[in-house]
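First, one chain by itself: the form predicted on its own, in structure tokens.
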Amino acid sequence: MDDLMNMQGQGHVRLGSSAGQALTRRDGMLKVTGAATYAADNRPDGLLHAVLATAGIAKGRVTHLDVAAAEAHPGVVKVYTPANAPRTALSPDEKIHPFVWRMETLTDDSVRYAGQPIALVLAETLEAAAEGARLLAPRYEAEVPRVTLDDAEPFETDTTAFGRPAGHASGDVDAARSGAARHVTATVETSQQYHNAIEPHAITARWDGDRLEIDTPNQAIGLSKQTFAAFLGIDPSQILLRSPFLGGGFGSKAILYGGQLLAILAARDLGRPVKLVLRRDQMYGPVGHRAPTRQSLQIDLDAEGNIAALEHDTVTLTSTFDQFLESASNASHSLYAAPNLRTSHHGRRADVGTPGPMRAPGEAPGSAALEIAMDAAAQAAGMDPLEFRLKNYAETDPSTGMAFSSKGLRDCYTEAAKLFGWAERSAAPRSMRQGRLLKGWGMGTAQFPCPMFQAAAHATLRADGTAVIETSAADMGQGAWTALAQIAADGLGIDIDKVEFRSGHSDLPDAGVAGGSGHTATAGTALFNAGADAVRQLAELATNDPASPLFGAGNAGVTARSGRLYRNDDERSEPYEDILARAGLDLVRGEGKGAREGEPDRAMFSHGAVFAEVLVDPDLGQVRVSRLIGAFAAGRIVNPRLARSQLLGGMIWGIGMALQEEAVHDRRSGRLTNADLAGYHVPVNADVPMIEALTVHEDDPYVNALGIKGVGEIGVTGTVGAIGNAVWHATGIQPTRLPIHPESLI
């Protein structure tokens, strides 16, 4: 790494020997042996079990709950309904920050969607609580629900998800369109999807006087602590939130939901710890989902096949009582060279739970539609899909005019196409076969932004040469325990085996949000800077000490590696332990921050290219993905093993989005008909016969000091379109709805 006496907060730095290694997960043994403690594994003394009773209709009100029957059941301790539920300090509708949805805490008897909590039952055992919830036998005054894009109520808005603008315009689309040689249109619908992490949402809450201890899987520990405190009317210092392990989150566990607050309020009211674990079917509704979209695109081309204008419009759903709009059209802002660009979003209100961020929010459905439209444009121009994309390659960000911080997309196209064998693709649809099956080859471009949040960290170097690093990071399976420890070890200049990593609870420095593919960059920068700060203090001790071989090295500087400080001018060195011992210190403690200062002056994205092969049964319309190859440029790769795992996971998610995942409503009741993993299909091993993800080397001196981008979400964004285009190539039928149904191909 660079001179650590002058490094912190400056320029681009070189990571040392730990970052870049394909290390196995540091928490792997805990997980495979069952020693990892998840929220639902906690059993404090005096525990009460909570079960939510949920609505069986989508619109109307609850007219009767048989509370007496439920409370008469042996083991049932209390039933909370709108008549007696404890109240929050703030209104359930209070928006104290962009990550707050309406807190559904049994405030009235109205029903706004199927699966909405309508009561909370507390009992000595889980079985008694579940039976008590059944005995409530709710009766309703039902109204006709609206659950689809076609019957929902339209409304106009200036913003989409997280307050982003609902529209964008640059250039003059109408003028460019009037002079264009070719006009290509495409309409693509995407379905409602649900997160379905292995670990369902859960919480264990215990009060000790005025102090609250919470165990709950959470992607935004510091922010959630502040939110809980606000709605409970207590000081944040009175709350300890623990979340050492998450069994998947995908965005849903960054958002608090009413059931968590109800469990906390019940624990305070009853003076006993309370545990609430959602059933699998209760994961469909109260805790967010990806809303369906209907996207219309028009691409106007000049005679040479250059994009003259691009327009992308999205219609999407939100709930009747809150707002989160899937920002799908934004996927067209920064990918292809469109001198005239217009995007828009329109909302519709339906009787469904409020949508929320789900892996690659906006970009996943938006890029799927864009890539299908790009193949249509390539066909209209008489060009190969890859050739067409290269012809319309954006050297600067079309929506802002800014230069990219880095862009290795050309290399991604080259490497993935070569490995896939794209040069052997025949142009005509239905021209390739494998036996009696139709074979199709398709491609899609992947892109995802590189955000950074606010984060803080501590690093303590001890007298024995070991270190403790601390930040409230969230590891939801992406490998944060390992990758962040690698970065911290390099900041400290020691071997990773000497680093103890403490994370996952709110008494530690806030690591920001584990989402948006920004957690490693954000928390990693804070940890590296904390380590560098500790080493800087060591360097000051040594270079000012006449007894040290580093004395007087302040101008030349020192370098840290392998637990020693080295003079940059003549390589004399001294171990950390000797420096601390001579100073009479047991430790030095460094502090670090991770954030992006000011507004960026460059466009910052990860990029990639995905190539897909499908086999389609011409008689049955069944589609199988037989090969899937992607190449990705995502800045500095901290751990190739973990990065590949994340990229493969995203690509597999893309298979599900293209061919399987779809929530289906009964339009009479508004209830989901497939709220389980039997009816809601996701890819399994048999669906992925051959898949590979490559990373392309990319140095980015602008995205952050460490040059780190994100890999958690980009794998989805190119894959869905690649599969859709492969199906089109195999069958000659352009997909207009995702997932692709077999009957649409017959």
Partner chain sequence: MNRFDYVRAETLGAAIGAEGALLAGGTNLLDLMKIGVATPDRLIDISRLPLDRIEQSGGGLRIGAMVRNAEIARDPQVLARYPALAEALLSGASAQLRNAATTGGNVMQATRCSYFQDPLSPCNRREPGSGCGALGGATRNHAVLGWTEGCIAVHPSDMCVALAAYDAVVEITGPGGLREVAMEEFHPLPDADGAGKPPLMPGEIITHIRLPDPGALARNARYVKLRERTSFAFAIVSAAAALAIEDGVITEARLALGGVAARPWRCRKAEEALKGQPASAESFARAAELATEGARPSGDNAAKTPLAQRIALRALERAAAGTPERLPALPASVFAGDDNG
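Fair warning: this is a prediction, and the values are worked out from it, not measured in the lab. Positions refer to the first chain, counted from 1.
Missing here is the form predicted together with the partner chain; even so, the following discussion is about that form.
Colleague: Is every one of 402, 466 and 596 in contact with the partner chain in the predicted complex, taking contact as a heavy atom within 4.5 Å?
Modeller: Zero of three within 4.5 Å in the predicted complex.
Colleague: Which of these stretches, 377-385, 424-432, 100-108, 652-660, has heavy atoms within 4.5 Å of the partner chain in the predicted complex?
Modeller: One stretch meets the cut-off, namely 652-660.
Colleague: Which of these residues, 183, 134, 211, 87, gets a heavy atom within 4.5 Å of the partner chain in the predicted complex?
Modeller: Contact check passes for 134.
Colleague: Going by heavy atom distances of 4.5 angstroms or less, which of 119, 263, 494, 615 would be at the interface with the partner chain in the predicted complex?
Modeller: It is 615 that has a heavy atom within 4.5 Å of the partner.
Colleague: With the partner left out of view, is residue 644 within 4.5 angstroms of the partner chain in the predicted complex by any non-hydrogen atom?
Modeller: Although the partner chain is absent here, residue 644 would stay clear of it in the predicted complex, with no heavy atoms inside 4.5 Å.
Colleague: Can you tell me if residue 682 lies within 4.5 angstroms of the partner chain in the predicted complex, counting non-hydrogen atoms only?
Modeller: Residue-level check for residue 682: yes, a contact with the partner chain.
Colleague: If you check in the predicted complex, is residue 687 within 4.5 Å of the partner chain, heavy atoms only?
Modeller: Residue 687: yes, in contact with the partner chain in the predicted complex.
Colleague: Even though the partner chain is not shown here, does residue 619 get within 4.5 Å of it in the predicted complex, heavy atoms only?
Modeller: Close contact exists here: in the predicted complex, residue 619 approaches the partner chain to within 4.5 Å, heavy atoms only.
Colleague: Looking at the partner chain in the predicted complex, which residues in 640-672 have at least one heavy atom within 4.5 Å of it?
Modeller: The stretch touches the partner through 659, 660, 664, 665, 666, 668, 671.
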